[in-house]
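Quick heads-up: it's one chain on its own, the form predicted on its own, in structure tokens.
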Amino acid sequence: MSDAPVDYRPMWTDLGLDLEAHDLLLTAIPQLYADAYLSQQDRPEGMAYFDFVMSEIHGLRIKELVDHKAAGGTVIGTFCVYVPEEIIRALGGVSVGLCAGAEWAYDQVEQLLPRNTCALIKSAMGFKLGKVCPYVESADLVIGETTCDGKKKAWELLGEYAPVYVMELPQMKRPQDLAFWREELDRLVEKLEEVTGNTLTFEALQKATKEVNDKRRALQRLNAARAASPAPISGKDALLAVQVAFYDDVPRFTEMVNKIADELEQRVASGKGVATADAPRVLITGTPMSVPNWKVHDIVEKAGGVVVAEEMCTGSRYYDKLVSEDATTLEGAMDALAVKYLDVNCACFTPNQGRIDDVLRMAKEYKADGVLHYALQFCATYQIEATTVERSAQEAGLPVLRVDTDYSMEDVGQLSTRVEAFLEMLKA
């Protein structure tokens, strides 16, 4: 972690980035990060690692990817937690998340997509069309998935600008759906073997499964500490850890998160927190939040609350379930992957009682005083399912605030007012 400045512009040029537009992006993100993160008091010392990662978000990590490709490896871009990182790693690839959390090049995007498309899809397309994302430009293959109608059709258009492979995700969880999903993983392996030039072996998949499970275990430790009162880490910092998990080096990330978990466990033992013990505790559930989307967490915690858990893909859905490591054959290891990944409770499934159960269980485990349901505008699956989540939470005695928003900052004032009133209600 040298302090010497590195000129990454030749690398960005080689990747085909629009340097002028990219400079604007790299001017904006540090300002957003400093306002949301560096202004916090009593942060765990271990979060300095994530400060460094964010300072090098398009620098050192991209160089690592470029070096990996130069050594004969591949980079695989993904948009969803349903794409098994274990298979990618076992075939010599590096998996990087491509979802974006900021409005970019919407003037270009809206020539292809309707204006009333969810912000996640528009942002992902915008970062590609605007040529400002070195992760997507580094990718040898981009893997999409059929978690919503908007994504399905957007991937067709994205395929005109990048090599795209689409996984078909079943929308129910019956035995025949699991069987279909298992076959879909075989089709993914076939495609990735073609792209990487490698053949999947049991030994490689077993090793990769252990590595990715270890990453999940580290995040489980970090998040388990948040059940304490006072909370030893802010919701913003816990969210950042999961966001970075999508693209950081796996062994290094696991090591650093375990160090933070050690620190948090010491904080819990000594009663040290980032908020007072009587701060309203909020569980956030809903659509994923990609870098640099920290808006709702920032509003809640600057208003005096503390976010203690996230039931979302940039939260518990990413790390709470492990892949069984008991398999003794390649077929068995693939079966274990299929079972684990189909057990993620996205709102694209019907019925989706598992998500309701997770929200209620987590609210109890993390001693949440209330639930904030977060949905991106025009994300029909989550906006509609919010009714069921709200009803079930209220029946369990949990107040609920529903927030539908996008990546802009135009509604921050209005949202702040609503959140402040919600937190006052939780205090009463």
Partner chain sequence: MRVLGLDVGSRTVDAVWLEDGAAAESAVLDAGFAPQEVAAELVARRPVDRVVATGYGRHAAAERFGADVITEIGAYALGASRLFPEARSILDIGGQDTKVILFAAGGKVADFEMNDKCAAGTGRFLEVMARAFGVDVGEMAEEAIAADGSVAVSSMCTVFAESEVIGLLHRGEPRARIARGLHEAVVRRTLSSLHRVRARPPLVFAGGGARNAALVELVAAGIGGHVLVAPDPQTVGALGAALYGAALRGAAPLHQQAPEKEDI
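Positions refer to the first chain, counted from 1. As the structure is a computational prediction, the values presented were derived from the model and not from experiment.
The next section is about a form of this same protein that is not shown, the form predicted together with its partner chain.
For the residues Ser55, Gln40, Gln377, Thr388, the 4.5 Å heavy atom test against its partner chain in the model of the complex is passed only by Gln377. Annotated contact segment (heavy atom within 4.5 Å of its partner chain in the model of the complex): 394 to 402, selected among 60 to 68, 46 to 54, 394 to 402, 30 to 38. Looking at Glu420, you'd find a heavy atom of it within 4.5 angstroms of its partner chain in the model of the complex.
At the 4.5 Å threshold, heavy atoms of Asp23 stay clear of its partner chain in the model of the complex, well away from it. When contacts are judged by a 4.5 Å heavy atom cut-off, Val6 does not count as touching its partner chain in the model of the complex. Residue contact with its partner chain in the model of the complex: Asp14 places no heavy atom within 4.5 Å of it.
Contacts between stretch 408 to 424 and its partner chain, counted in the model of the complex as any heavy atom lying within 4.5 Å, involve Ser408, Glu410, Asp411, Gln414, Ser416, Thr417, Arg418, Glu420, Ala421, Phe422, Glu424, listed in sequence order.
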